[in-house]
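We begin with a single chain expressed as C-alpha cells, specifically the form predicted alone.
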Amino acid sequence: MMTVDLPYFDMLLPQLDRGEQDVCTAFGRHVHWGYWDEAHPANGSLHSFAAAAERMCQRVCDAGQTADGQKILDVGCGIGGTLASLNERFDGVDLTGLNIDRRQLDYAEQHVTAQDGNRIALVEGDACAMPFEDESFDVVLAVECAFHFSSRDRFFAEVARVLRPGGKLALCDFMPINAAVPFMFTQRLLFSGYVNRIVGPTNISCSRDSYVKLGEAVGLSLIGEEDVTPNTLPTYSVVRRIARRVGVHLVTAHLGTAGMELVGRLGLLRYMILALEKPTQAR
C-alpha cells in the first residue's frame, strides 16, 4: 500500500464505513465541490450539496465528450463517484479508476458495481507514473484532484501517453488568475497551514494559462473551458457545516475554507473546467 497524506479521508472513510448519516449524505458518492445554477439553487441542505457534486461530475465528463462504448480513465477516482455516474449514464463503457490510496479503492469496490455490458477496474497507482499501456484510453478525467499530484508536468505527459489519437482530457481544479499566482506561492503565510491540515499537501498555484501551456508542451490542445466559480461558492458553507460531524478542528476548518472562499469571491482564485484534445495524427 502506498503512503498517502490525506487527512480528510482519514476522517471520512471510518465514518462512511460506520454509516454516519450526514457524512454519507454529503460524501457517500463524491468528495469534491458542487455545482449550482438557476435551475438548481442552493438551499444549504446536504442533499442539495450531494446533487450539486453529481452535477459537477457530469459537467466534467460532458466536457470530455464521454459517450457509449468508450474506454475511460478516471484519475484520482476517489471513492468511485465519477465511475458510478458514468456506469449509470453510458452503455458498453470500459471504466478504469486510478488512485494512490488503496483505502478509497476498497470503498469503491464495495459500492460500485458495473451494469450489464459495462466494465469497471480499480487500479492502485500514481497519476504521474500510470501503470497503463500507451494509447489505452479515449478519455481521461481528473475531477478536482490535480492539486494533490506531485508534478502536473509528469501528469500531463502521462495523459498524452495513455490517450489514443483524438482522445480527450477533462479536468476541474482551483486556478488562480495570473496576477494572483505569486500570492498563491506565498499562501502558506496565510491559510495553507489550515487547508493542509484538512486535505493534505496541495498546490493551487497553477493558473489557467499554465494549464494550457502544460497541455501544449505534450501536444494537447485546449478545446473547451468554463469558469464555474460562482456556481461552486455554496460549497464552502456546507463544508464548514459538515466539519463538525467528521471531527475536523473547527478553527482549522473555518479559517481554511474562509481563506479559499475569500480569494474566490474576490476573483483571484477560479474554479474551472478545462477540456484538451490529443491530435488525431502526429504533427
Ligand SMILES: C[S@@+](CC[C@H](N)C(=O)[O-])C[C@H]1O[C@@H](n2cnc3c(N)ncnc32)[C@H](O)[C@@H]1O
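Computed from a prediction, not measured in an experiment: that's the story for all the values here. All residue numbers are counted from 1 along the displayed sequence.
The protein also exists as the form predicted together with the ligand; that form is not presented, and the subsequent description refers to it.
**Q** Can any non-hydrogen atom of Ala84 be found within 4.5 angstroms of the ligand in the model of the complex?
**A** Output for Ala84 is no: heavy atoms all beyond 4.5 Å of the ligand.
**Q** Just checking whether Leu169 would be counted as a contact of the ligand in the model of the complex - the rule being heavy atoms within 4.5 angstroms.
**A** It does not: once the ligand is placed as it appears in the model of the complex, Leu169 has no heavy atom within 4.5 Å of it.
**Q** Might His32 be said to contact the ligand in the model of the complex, defining contact as any heavy atom within 4.5 Å?
**A** Because a heavy atom of His32 falls inside 4.5 Å of the ligand in the model of the complex, the answer is yes.
**Q** State yes or no: in the model of the complex, is some non-hydrogen atom of Val140 no more than 4.5 angstroms from a non-hydrogen atom of the ligand?
**A** Close contact is absent here: in the model of the complex, Val140 is far from the ligand, nothing within 4.5 Å, heavy atoms only.
**Q** Gly76, Gly125 and Glu144 - do all three of these have some heavy atom no more than 4.5 Å from the ligand in the model of the complex?
**A** Yes, the whole candidate spot contacts the ligand.
**Q** Pick from 211 to 219, 40 to 48, 234 to 242, 23 to 31: which stretch has non-hydrogen atoms within 4.5 Å of the ligand in the model of the complex?
**A** One stretch meets the cut-off, namely 23 to 31.
**Q** Work out which of Phe149, Phe90, Phe132, Tyr107 lies within 4.5 Å of the ligand in the model of the complex, going by heavy atoms.
**A** Partner contact (heavy atom, 4.5 Å) among the options: Phe149.
**Q** Can you pick the one in Met175, Ile100, Val159, Leu95 that has a heavy atom within 4.5 Å of the ligand in the model of the complex?
**A** Checked against the cut-off, the match is Ile100.
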